[in-house]
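Heads up, the chain below is alone and in the form predicted on its own; it's given as structure tokens.
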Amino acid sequence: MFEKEFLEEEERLKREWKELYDRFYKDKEFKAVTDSDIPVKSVYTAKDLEEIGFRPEMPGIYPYTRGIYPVQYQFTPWFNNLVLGYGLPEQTRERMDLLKEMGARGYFGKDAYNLVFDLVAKAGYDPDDPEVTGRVGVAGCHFATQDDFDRLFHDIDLTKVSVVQNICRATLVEIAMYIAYLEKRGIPITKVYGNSMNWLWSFAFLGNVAFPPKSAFKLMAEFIKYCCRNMPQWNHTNITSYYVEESGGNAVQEAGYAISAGIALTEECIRAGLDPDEFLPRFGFQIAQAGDFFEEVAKVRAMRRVWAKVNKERFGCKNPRSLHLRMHSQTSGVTLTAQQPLNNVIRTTLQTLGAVLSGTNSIQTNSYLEALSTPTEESHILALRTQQIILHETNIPNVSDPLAGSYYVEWLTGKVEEEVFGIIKLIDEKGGFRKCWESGWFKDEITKSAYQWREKVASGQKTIVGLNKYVTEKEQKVPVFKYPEIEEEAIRRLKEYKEKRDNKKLEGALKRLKEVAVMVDETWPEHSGELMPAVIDAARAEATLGELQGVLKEVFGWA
């Protein structure tokens, strides 16, 4: 792509540079690798781009390496997608209102919230279950009944806000309850915006109990089918690769495993009778923005390119939106340290900057307290201010994909793409994503990666400031979040909810739900599309989160 004269001039300069190098450093070599162990040179040139077959690209045009829109933040800033949730719904609502007051906004300046539910709800339990004692309202907002939705949203026009609902393994059930709640308020489900996680696939490498692989893909596809046919503005699926890096994997593994998961889910949806162009436009990704600055930027650019190529070449998608990798970037929690926690402000700022330079669509800047506690009001606002300063004071958002053309970034983008396609090919050869999940291959690979990282830190090969170098004896004290004691009140509310409903009607709805669930499971995919309506009917009969999820666990397995 470069003119002959340009390359000849570059060769002349490289010879001159080599003479200078030899004079200064003699035979010393400077070797380095990225955090994914990709060897890198100390200098890159146009010749490196020639060797990877670099081609000119523009934002908004296939294969979308430079972004999915023709212009990026000049049109609309990224979504300040800060995760929030703790205690009872009304306590979470206080934090929602605070962040809104501090200027947190979604696309086009709309109100938007990124709600995370507590550990109890995420696993699909009610607060009175002995299994969850001591965890109600921890690491998220308590949620068990439709009344809890009302405590959160009672005075909000849900057709004008975007709500991310992070409830993990209970996605299908929670949205059924949300639909029943919307109906009570007279809000058409065709008019609501938001995101569901639908990330049952991620338990291929997470250690929690969950639906087994075969059932997980059925349930994810079932949920997608319902949303495609009934909730046209709802983003039904979030391919959260974030937890690959949080579990100890590297950037290349994160990208490769995530896109392989997307491939497996696409194939399952096709088996359920959906056309890829019907559901892929509503897929999104949640991506880690970790410590290796340029590799993380290159990862994001490469993922956009790989996703577009896979969906075009493998699935024959025609709709350009099916090729778009929409993403939410989250700064890396695993890179934050409990030692000298104020250093985490610098880490999250750099990672937020990397996310912006990579052209992400939405950003969660973690609180600097992440290694110690849930965000306090002060640390939450500081995380928001980090994004606002980058947006308003740096002029960085004035240009789309400003790192394009950098010899190193373009070379590394090409290299990460090559590595990611290598992982996809390897997973295909092993029988696909589900087979790899069933065999434990993902956990083995991530465990190896985590061990290698730990060995580097222990040996000093990898420096973590304040952890294994520049350590200080004096403890840096910071105020941490203290959870309110809410478990007793949550259980009291649940009891009251059960007493006021028509339990005979509920019994019939749950019986019908189990019959449909068994049929869908045993005949899959013949009766795909019939489960979600049965869950919604049971939700209309005032079933609780734990009761609905309990039926699915019993039928589809839980281990």
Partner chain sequence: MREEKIRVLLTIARFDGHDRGVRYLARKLMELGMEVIFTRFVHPGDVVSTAIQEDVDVVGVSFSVGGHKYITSEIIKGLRENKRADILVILGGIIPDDEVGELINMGVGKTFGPGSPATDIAQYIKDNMTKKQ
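Note that this is a predicted model, so its numbers are computed, not measured. Numbering follows the first chain given and starts at 1.
Quick note: we don't show the form predicted in complex with its partner chain, though the next part is all about it.
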Answer key, its partner chain contact in the predicted complex at 4.5 Å (heavy atoms) among N395, T472, N208, T190: the residue is N208
The one option of G291, G194, G248, P77 with any heavy atom within 4.5 Å of its partner chain in the predicted complex is G248
Item to check | V399: touches its partner chain in the predicted complex, heavy atom cutoff 4.5 angstroms | outcome: no
Q. Going by a heavy atom distance of 4.5 Å, is K482 a contact of its partner chain in the predicted complex?
A. yes
Quick check on R95: any heavy atom within 4.5 Å of its partner chain in the predicted complex?
no
Q. Though only this chain appears here, would L342 touch its partner chain in the predicted complex if you measure heavy atom gaps against 4.5 Å?
A. no
Note: its partner chain not shown here; in the predicted complex, the stretch from 424-432, 200-208, 406-414, 315-323 having heavy atoms within 4.5 Å of it is 200-208
Taking its partner chain in the predicted complex and a 4.5 Å non-hydrogen atom cutoff, the residues of 434-465 making contact are K443, T447, A450, Y451, W453, R454, E455, A458
